Every structure is written in structure tokens, then in C-alpha cells.
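Only one chain is given next, in C-alpha cells, and it is the form predicted on its own.
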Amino acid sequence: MAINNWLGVQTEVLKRIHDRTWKPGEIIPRETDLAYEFGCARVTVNRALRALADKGVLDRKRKVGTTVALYPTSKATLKIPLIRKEIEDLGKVYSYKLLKQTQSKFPKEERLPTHLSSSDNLLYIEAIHSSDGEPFVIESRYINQKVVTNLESKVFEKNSPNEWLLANVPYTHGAISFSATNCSAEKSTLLKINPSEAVFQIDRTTFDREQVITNVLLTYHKDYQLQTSL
């Protein structure tokens, strides 16, 4: 059997797992042995096995080897959404309005992002994104100007921070949490819902290596549904 690419190796490995040639918890052959069997380079096998490990199909441990996962898991992939595109994909007309922009050494509001420090020079932005003229989500964001140094003072009057940051500031990784909460009186007015109605929130921080780029709290209208894939 000659397989000359990692996708082909991955397909064959999956076939052997699914037909129970290799059973859950069982150690599969070494990379060198598989490379010899498939007639390909070891690096090709390594890439295929790493991809399957990332999907939760295989477990890879040093000095133990690669085993078929005893309890295979599917991992959800969540990309940072472009809010404008999210609304337009629904067939709606998108609009954006800047509500507040303030400079502060450290946030004095009730929400105190845990990843930020007192030495960070922060810009606070509050904006609302609308769908067909109706409130869709409130964006409450801190931007760390120690990292984001190319900001113009009026850039967010017409440009959404969500869109501008994704286009201009690369990030290495992030932290994210989801919650349901009773909406505050101020935000319920902006979202045009009754005070204390339950709303969905996303709290997300993105980093450039060890440094925080931005922290955002997104408060969605009560009818919002988050969709992702496995």
C-alpha cells in the first residue's frame, strides 16, 4: 500500500479505528512502522496522527506511544465572529453606533477584567450593533494601548472596534467565557427589552503572547442564539 500524503494516512488510520482493527485504548504501531507500511515519510505519518490527536481521536504521550482514545471527543471550533458579517449573513442590514469612548489608567466600572493590570493604559469603548435598525448586541470593550499603539482618536466613530481589531491587530490566543445574566437597567434600555430579562453574554480576552490586546463583553439581545459546529 502506497500513500503519499497525510490526508491519505489519516483516512486509513480512521478506517482501522472505525472497523476496530485498532480498538479503543489500544496502542497503534509506531510512526516508523506505519511509514514503512504506507510507503511514505515518517513526517507524513506524524502530521496525520497529530491532526487526529487534535480532533480527540488519538491520545499521544511521550514514552508511551499513540493510543486510540478510550473516550473519543469532538472539539468545538469557535472563531471570533465579525459582527457585521454575522448580521448580513442573516439577510439583515447592519449598522453601528459608538456610544462611549473614554481613556483610563484602570477601569473603575463594576466589571474588572481579570487579565488586565494596573500598568495597562486602557481605552474603553461602548458601542451598539443593530440588525435592520433593531439592537443586536452591545459591545463593551477595553483596548490595551501598550499593545495597540496605532490608534487614531476618532477611528471608532465610524469603525467598529470588533472589525478594526480583527483587520489590524493579530493575536496569538484567547480566553473566553459564556454566561446568562439578568440585563441591567441601562443595557435593557439600549436593547429595547424589559429590565432584568435574561440575556446571553460572551466575555472574551485576546492576547499577543503574554500581553492582553483587548477584553470585550458582548451582551446580546434576548432572542440571540449562538451557533457553532463539532
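What you see is a predicted model, and the numbers here were worked out from it, not measured in a lab. For clarity, a rigid core is taken as the largest C-alpha set superposing within 1.5 Å between two forms. For every residue, the number given is its place in the sequence shown, counted from 1.
Same protein, other form: the form predicted together with the DNA, not shown, and the subject of what follows.
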item: Which of 187 to 195, 35 to 43, 201 to 209, 167 to 175 sits within 4.5 Å of the DNA in the model of the complex, heavy atom basis; value: 35 to 43
item: 4.5 Å heavy atom contact, T228 and the DNA in the model of the complex; value: no
item: Close approach of R30 to the DNA in the model of the complex, 4.5 Å, heavy atom; value: yes
item: Proximity of A180 to the DNA in the model of the complex, heavy atoms at 4.5 Å; value: no
item: R50 within 4.5 Å of the DNA in the model of the complex, heavy atoms; value: yes
item: The DNA in the model of the complex - contacting residues of 52 to 70, heavy atom within 4.5 Å; value: R60, K61, R62, K63, V64, G65, T66
item: Rigid-core frame, C-alpha of K61, shift of 2 angstroms or more between the shown form and the other one; value: yes
item: Cα displacement of T219 between the shown form and the other one reaching 2 Å, rigid core superposed; value: no
item: E163 C-alpha relocation of at least 2 Å between the shown form and the other one, rigid core basis; value: no
